[in-house]
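The data below hold one chain only, encoded as structure tokens and taken in the form predicted alone.
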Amino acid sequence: MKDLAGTVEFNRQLAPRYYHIRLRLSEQVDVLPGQFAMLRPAALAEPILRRALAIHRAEDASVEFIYLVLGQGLEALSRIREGERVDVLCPLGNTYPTESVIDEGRRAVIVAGGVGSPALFMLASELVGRGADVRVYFGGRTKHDLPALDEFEALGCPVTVTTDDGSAGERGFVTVPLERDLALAGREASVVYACGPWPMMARVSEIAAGHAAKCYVSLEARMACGFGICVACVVEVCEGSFAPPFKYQKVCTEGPVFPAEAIVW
């Protein structure tokens, strides 16, 4: 974890309320898939606290984020322009276990819901680069809620798209084709990685368990610090999933990636 200065290389709008920002950091950092950063425009007086964003891409000394404007902090981030400064605390959090995909040859099934996609892109890119069998299931409310879909498609792996209103891809929830295709693949054939709305991840966890597939979820939570001091981002976990007597774990330090069966949905 490093507290760095970032210079905006671009900050462009992708769709209504969705933005893509690239920052040149004051020094290079090693980022693992699934990790996140805490961001705050350097000249901002309020809000005081930084905002947690999943790292979409990291290359040399640059990092990229895709974010949905919700609240004052991210609205302020959307207004900054090329050359302006952002305070960046990164990298934070853990990463995805991939041993079952790389060493055992299981299929990687990536399930992205809306703005959950940035937390999964580096994972998909890395696994495709290592020759793994990767399938992406990307769902959104409308065609405008599929940020970075083109980047997933450019990886060359199969991508299934769904939207609630049918404006892009198959009409309905992303969990429908997921369940259908896991059944065709057979039990224990896949490892599922998911990030998106809480109800979506709860259903993905249920479907994966029904097909004996390992499942890992990347959780989002409100947090003030990003490194375990404020204890604002706790999530309830199942008894026996972590060392007793703890019943809650911090998303920022024990996560954001958790085994799906460890979470009290």
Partner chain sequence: MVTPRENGRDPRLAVEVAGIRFHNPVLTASGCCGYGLEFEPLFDLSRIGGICTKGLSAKPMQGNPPARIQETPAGMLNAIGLQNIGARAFIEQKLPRLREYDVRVLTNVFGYTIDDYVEAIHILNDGDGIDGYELNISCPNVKEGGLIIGNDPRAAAEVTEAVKRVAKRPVIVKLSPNISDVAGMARAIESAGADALSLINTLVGVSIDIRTRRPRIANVTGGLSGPAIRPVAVRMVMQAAAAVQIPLIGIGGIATAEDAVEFLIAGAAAVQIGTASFYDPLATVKAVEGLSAYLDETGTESIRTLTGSLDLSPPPRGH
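Residue numbers count along the first chain shown, from 1. All values reported here derive from a predicted model rather than from experimental measurement.
Separately, the form predicted together with the partner chain exists; it is not shown, and the next lines address it.
Of the residues 211, 56, 50, 203, just one reaches the partner chain in the predicted bound form with a heavy atom at 4.5 Å or closer; this is 50.
From the list 212 to 220, 60 to 68, 226 to 234, 22 to 30, the contact stretch for the partner chain in the predicted bound form under a 4.5 Å heavy atom rule is 226 to 234. Interface residue remark: residue 1 is counted as part of the site for the partner chain in the predicted bound form, having a heavy atom within 4.5 Å. Although the partner is absent here, residue 10 sits far enough away that none of its heavy atoms falls within 4.5 Å of the partner chain in the predicted bound form. In the predicted bound form, the partner chain sits within 4.5 Å of a heavy atom belonging to residue 89.
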